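The form predicted on its own is given below as one chain in structure tokens.
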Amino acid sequence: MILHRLRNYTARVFEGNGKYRRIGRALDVFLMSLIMVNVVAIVLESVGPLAKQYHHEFLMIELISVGIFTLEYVLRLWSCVDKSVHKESPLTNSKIRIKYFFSPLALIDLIAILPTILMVFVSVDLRFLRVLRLMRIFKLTRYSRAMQLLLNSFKEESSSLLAAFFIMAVVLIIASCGIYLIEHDVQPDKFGSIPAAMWWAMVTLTTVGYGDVVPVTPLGRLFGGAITLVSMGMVAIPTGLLASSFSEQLRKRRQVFTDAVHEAVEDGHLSPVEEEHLENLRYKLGLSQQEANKAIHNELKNRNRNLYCRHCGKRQD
């Protein structure tokens, strides 16, 4: 019974709703700060002199961080059965935990602690290990509403983005073949094959243009200029799709909050329970306090205006 209550409390804290909102937010801020400290430490550790001078400090940061991340991962896996979304679930506790174990956020949490565990049992290249440890930055997707918006944008526009990348792949092949035919005889060392020409095509299509491989013939330069002009429009397609989807995600979240405010102020005022519900929803949707206050103020103003007759000023029941 005590374990069940403790598990339920842990689940509520991780969700950060209701009376657990403050402690949930404090936990999120602490974990986000710890992740950033880890990222900075891992980056600085790649500098040889710093790694030797502060070896003990880097090791302590790593061990303490992994200990905290491991505890968080175990507690989340243990308490996931008591999350609000699973309260009415027909699945057993073991099936819920298996489902959570393979969820994207849980896998990211696991990746955050695996490198150090591997280092204890397996001999791993330190450079490879350092890159794996940097994957901890993806844990921020759990706490950052902006990252969640971006991931939702990728998910909603996945088919459109795939179509755009497919077109870019076709243009890449055409550009590689074209420059290979034009420049192969003049620069066999740089355009000796179509795969070798793909490097030039890639940097040209992405409008980076490193300048290490460039066409020298008049026809090659003309072809390169045409590809550069085409690339400007090609790169803009996925950028425009993501920007539009990101804006739409923000609009949807604001609309959800506005609809919730409309229901809450149906009687012309907000009760403490309704204010608590709206505050939880605001935090969940990642809206600022200013946006929320503006939505509530406008809804109350419109509602109170409709409660009274504009001709006689009497309240309309």
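Remember, it's a predicted structure, so these values are computed and weren't measured experimentally. Each form is matched to the other, and the largest set of C-alpha atoms that superpose within 1.5 Å is called the rigid core. Sequential numbering from 1, following the sequence displayed.
Below, we turn to the form predicted in complex with a further copy of the same chain, even though it does not appear here.
Looking at a further copy of the same chain in the model of the complex, residues T204, G225 and V235 each place a heavy atom within 4.5 Å of it.
A heavy atom within 4.5 Å of a further copy of the same chain in the model of the complex is found for exactly one of L91, M147, I98, I111: M147. Stretch 163-171 is the answer when you ask which of 163-171, 113-121, 98-106, 72-80 has residues with heavy atoms within 4.5 Å of a further copy of the same chain in the model of the complex. For the chain shown alone, S84 is not a contact residue for a further copy of the same chain in the model of the complex, no non-hydrogen atom being within 4.5 angstroms. Although the partner is absent here, N152 lies well away from a further copy of the same chain in the model of the complex, with no heavy atom inside 4.5 Å. Contact annotation for E274: none of its heavy atoms lies within 4.5 Å of a further copy of the same chain in the model of the complex. Though the partner is left out of this view, G192 does reach within 4.5 Å of a further copy of the same chain in the model of the complex, counting heavy atoms only. Contacts of stretch 202-216 with a further copy of the same chain in the model of the complex, defined by any heavy atom lying within 4.5 Å, are made by M202, T204, T206, T207, V208, G209, Y210, G211, D212, V213, V214, P215, listed in sequence order. For A106, a C-alpha deviation below 2 angstroms is recorded between the shown form and the other one after rigid-core alignment.
Annotation: Cα of V203 displaced by less than 2 Å between the shown form and the other one, core superposition.
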